[in-house]
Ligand code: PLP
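The chain below stands alone, shown as structure tokens; this is the form predicted on its own.
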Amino acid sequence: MATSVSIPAGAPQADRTMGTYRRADPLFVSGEGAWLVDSEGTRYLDWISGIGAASLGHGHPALSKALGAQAATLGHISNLYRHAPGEEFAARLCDHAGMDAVFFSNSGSEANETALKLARKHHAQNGAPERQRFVALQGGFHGRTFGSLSVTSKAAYREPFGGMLDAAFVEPGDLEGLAAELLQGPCALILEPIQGEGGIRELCGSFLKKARQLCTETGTVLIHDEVQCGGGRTGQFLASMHTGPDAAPDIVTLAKPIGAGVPIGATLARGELAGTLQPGDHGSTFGGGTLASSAGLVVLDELDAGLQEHVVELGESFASELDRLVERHDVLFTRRGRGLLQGVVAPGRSSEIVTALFQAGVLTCTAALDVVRFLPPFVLSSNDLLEGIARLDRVLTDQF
């Protein structure tokens, strides 16, 4: 029998969430721009932005205004009914991504889950229901639901949960291996143009183009997971746009920055795939709701009003400053990334550097085993960039 626990009024309460995260000690209570403030008044430079989700930083005036106005007029309604923010956001998001239709969900995992289901149904309704196997890349990370986890290569993420969907994994850049898998007639190939969790590894343009060609030749659905690298983070709205139309996917998934911290996922498709899902095939209670759509519209407004150019300029400065630190400090091996998705490789020392930066008031995280990952908000200023670089330089000089 469960017992009740009496907690004195005003006493701090223990964290009753399940133990899936190793939480740091500070209790954050406010933020402004690229800065967070804890309950003791200590300020931290936020170079993780909610694992890439808080694209407009903290306390953004336009976002706060839009969410307040929307909450005051029309909150949540069922997807059985129309609402203006959702329809406008869908149209504008499709235009930005060069796609024809979108399904809204609540996260990147859900967006990828939708993409896998969409690819499966596409083959089934075209007379090939046996095409159920997926192909993905080593180092890829696509989420924590059973489907998205099935195409995530790291075995440690999958093994605690038993059987998964049938998937094969190919090394990035291995065109012969990719061709061999696709010639077997799988359902879909899913890849990240820039692997985030896998170590900020950018796939070369020739590989992306050849993957597109092979998928076309074999009738395989090509899915680009741009949950972390898309939404404007690399300087283009989609990271694949740096390669050009010859790499364009059939389906692209987005989340993180397109909601500015409000939960939203998006699965966008073009051509025949855009009309594959019919009433009853899929659904989401909260996906694309009024508040999330209103947040998404603010993100697109800001990108169109000059924020995208700011990301390009600041991303170039960020890369240049990190390259300079790589030259100065032997603990750093190289820099990786594009735009405001950056990382430095520090073999065997990345976790120590992340901890030292935290103690110096800069929030970062690791990627793969050896990479210190930087995902600052798009609104990061030049002064904030230089302040963070100076703190990183001091940490590397004094402790490594």
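For every residue, the number given is its place in the sequence shown, counted from 1. Predicted, not measured: the structure shown is a model, and the values here were computed from it.
The protein also exists as the form predicted together with the named molecule; that form is not presented, and the subsequent description refers to it.
Mapping the unseen interface onto this chain, D250 falls outside it, with no heavy atom inside 4.5 Å of the named molecule in the predicted bound form.
Shown alone here, G143 lies within 4.5 Å of the named molecule in the predicted bound form, counting heavy atoms only. K256 belongs to the set of residues with a heavy atom inside 4.5 Å of the named molecule in the predicted bound form. Under a 4.5 angstroms non-hydrogen atom cutoff, the named molecule in the predicted bound form lacks S293 among its neighbouring residues. This chain appears without its partner; in the predicted bound form, the one residue of Q236, S107, T218, S153 with a heavy atom within 4.5 Å of the named molecule is S107. A heavy atom within 4.5 Å of the named molecule in the predicted bound form is found for exactly one of V299, V227, L116, A269: V227.
Partner contact region in the predicted bound form: 189 to 197, out of 305 to 313, 86 to 94, 68 to 76, 189 to 197, criterion any non-hydrogen atom within 4.5 Å of the named molecule.
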